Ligand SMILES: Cc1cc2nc3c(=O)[nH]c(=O)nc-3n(C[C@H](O)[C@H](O)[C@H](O)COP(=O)(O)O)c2cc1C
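Read the single chain below, which is given as structure tokens and is the form predicted on its own.
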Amino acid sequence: MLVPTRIFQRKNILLGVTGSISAYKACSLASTLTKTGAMVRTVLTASAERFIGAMSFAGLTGDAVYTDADYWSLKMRSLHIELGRWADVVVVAPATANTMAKLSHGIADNLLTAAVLGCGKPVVIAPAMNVRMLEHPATRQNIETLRSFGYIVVEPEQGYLADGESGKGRLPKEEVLLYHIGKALIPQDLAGKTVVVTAGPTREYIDDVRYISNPSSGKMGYALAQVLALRGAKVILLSGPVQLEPPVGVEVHHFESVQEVSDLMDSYLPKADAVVMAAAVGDFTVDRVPGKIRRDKELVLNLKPTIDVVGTMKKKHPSPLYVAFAAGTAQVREDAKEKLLQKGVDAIFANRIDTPETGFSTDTNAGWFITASGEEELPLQSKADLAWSLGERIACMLKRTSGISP
């Protein structure tokens, strides 16, 4: 998961479930949020109870589940207001056309709609319905009205629908929902900033079927792109060939060779406020031979150094904040400090690649965040959580360069 789990810890999330066939997917969402350390309380509408029972959510979250019967009970005073006071964010997933119509017109005739109307907290709405219902002018107008209220409405996905049709209307994937919930919880301190992130390996082709590369998975760069987007930045991810789903809310462009990533950076760095160079850029290239080299004799490759991407970009585009990466073995810290001075970058993250926990393609990482003023060791953790720590430091540096007190 690219969204760091720490952003949900000790957060109060009110999950509203309405009468859609997608209601069963809300169970997985409730379970995932609970596992991250969030407190999840659930409100089921009367129609949702026709699809799934309250005991399912009680068992998954270990917390309270409410229905309209509780709303009208004399045992709980102003339940809808109390739930709004308790919540840090309200999530309605799935949201039917009926519930969205009520919310857009201020109709509060059940516990869920009353709680949303009375909460005054961030609201995330994830519609799920038949494509024709979604595309009806009334529904589209209601969605725009909800957005005008400041609610986050997550567009449904394309795919196979429960009624046998295909089209737009499926509840978004859990990763997408987690991204939007997280974004509602996080201060948007990078709003208005553009950040270019590079990730993954490069390929230098020997012939049409063989190439020189490295085992970089792109996981660290993708996690960083996701974190920076969560904090409100416009993120442009330049990605080498990897087997990863694109981060949510991120613009992605692909490259293979060192020259290709250099050309892309020339295009996007002039308008960037920061560049995070997490890609594992190859150090050597060869003259490419057309076709496929026959295996009938020894092959000698004449390796030539590739361009110095970090140094070249810093000279050509000096304005952005530069955060580089250095991967190595026992001497990586010393090498990174030397690289910091030679390249003139603002910061560099150094990590070892010769341990099982921090090598290529791992899900965890650790290392040292190094600037001219010193270094800070970041302990072993998931790459998503490490990306969050690095994102905090990048945001702080951007604030200082903008003349804003951190």
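Since we're looking at a predicted model, the values are computed, not measured. In this text, residue numbers run from 1 along the sequence as written.
The following text describes the form predicted together with this ligand, which does not appear among the structures shown.
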> Tell me, which of T285, N98, S262, S104 has a heavy atom within 4.5 angstroms of this ligand in the model of the complex?
Replying inline: N98
> If you check M133, I186, V252, I293 against this ligand in the model of the complex, which one has a heavy atom within 4.5 Å?
Replying inline: M133
>> Is Q381 part of the interface with this ligand in the model of the complex - any heavy atom within 4.5 Å?
In response: no
> Heavy atom to heavy atom, is F51 within 4.5 Å of this ligand in the model of the complex?
Replying inline: yes
>> Is M129 near this ligand? Define near as a heavy atom within 4.5 Å, in the model of the complex.
In response: yes
> Should N365 be counted as a contact of this ligand in the model of the complex, where contact means heavy atoms within 4.5 Å?
Replying inline: no
> Which of 369 to 377, 26 to 34, 343 to 351, 39 to 47 has heavy atoms within 4.5 Å of this ligand in the model of the complex?
Replying inline: 39 to 47
>> Heavy atom within 4.5 Å of this ligand in the model of the complex: which residues of 10 to 31 meet that condition, in order?
In response: T18, G19, S20, I21
